[in-house]
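Only one chain comes next, encoded as structure tokens, the form predicted on its own.
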Amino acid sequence: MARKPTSKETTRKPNMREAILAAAEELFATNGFNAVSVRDIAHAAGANPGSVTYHFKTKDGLLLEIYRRHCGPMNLRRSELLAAAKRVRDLQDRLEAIVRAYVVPAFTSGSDLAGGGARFTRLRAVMSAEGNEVARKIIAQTFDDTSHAFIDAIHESLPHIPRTDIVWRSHFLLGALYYSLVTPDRVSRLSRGEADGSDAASAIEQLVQATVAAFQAPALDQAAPARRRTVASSKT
């Protein structure tokens, strides 16, 4: 049976639940889910392990709550922006508005709950790469409905592109979004200081324009004949 926090512990840290969430998020983002124990989280939060189980039952429950608190506001904002984007008449403008509706909420904040900024984005990338079954289910539960809504909206704007191609391209968008948020210094370094990777407005515009162009590229089965003709002509 989970131990209730003592009165001394509650007095010392009235926001113990928040401290545990913050500590777990940082540890999961740095070390992954599998390598972090409840004891590690409690130590980082200045809590007793019983406090973790009292508030969240299990480590799985703690990870689920981290996703809920960050992604609830982000998914809500994405849905609001998507609804507005789908009302745009011009198909080119609509496609750009749809992509922007997906990208912007992830950049909304570097620290609050509306997306969570770089730390939560890093956590998401680590969870995706780790292949943990618990994390996989939480990710699907959190994002699949919103992802399907965006993929369907893009397909309606580009009906000549197979939905499977759009799924692949949206997958690449997610990877670019992760990288843009987690390692902005790379842009600054490789541009030799001519671009500021931490400039969110510039990052959003670059990402939106590149993604729109990617979605509008010919479908894979349409591009293949052209590639074959190019190879054949080079041999003659």
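Between two forms, the rigid core is defined as the largest C-alpha subset superposing within 1.5 Å. Values in this document were obtained by computation on a predicted structure and should not be read as measured data. Throughout, we count residues from 1 along the sequence that is shown.
Beyond the structure shown, there is the form predicted in complex with a further copy of the same chain, which is absent from this document and is the topic of what follows.
In the predicted complex, no heavy atom of Phe120 sits within 4.5 Å of a further copy of the same chain. Although the partner is absent from this view, His55 stays clear of a further copy of the same chain in the predicted complex, with no non-hydrogen atom inside 4.5 angstroms. Mapping the unseen interface onto this chain, Ala44 falls outside it, with no heavy atom inside 4.5 Å of a further copy of the same chain in the predicted complex. Contact annotation: Lys59 falls outside 4.5 Å of a further copy of the same chain in the predicted complex, judged by heavy atom distances. Proximity of Asn34, Ala129 and Leu220 to a further copy of the same chain in the predicted complex is complete: all three residues have a non-hydrogen atom within 4.5 angstroms. Taking a further copy of the same chain as it sits in the predicted complex, the stretch 179-204 comes within 4.5 angstroms of it through a non-hydrogen atom at Tyr179, Ser180, Val182, Thr183, Arg186, Val187, Arg189, Leu190, Ser191, Arg192, Glu194, Ala195, Asp196, Gly197, Ser202, Ala203. In this overlay on the rigid core, Val36 has a C-alpha that sits 2 Å or more away from its partner position between the shown form and the other one. Relative to the superposed core, Arg169 undergoes a C-alpha shift smaller than 2 Å between the shown form and the other one. Core-superposed comparison between the shown form and the other one: the CA of Leu27 exceeds or equals a 2 Å shift.
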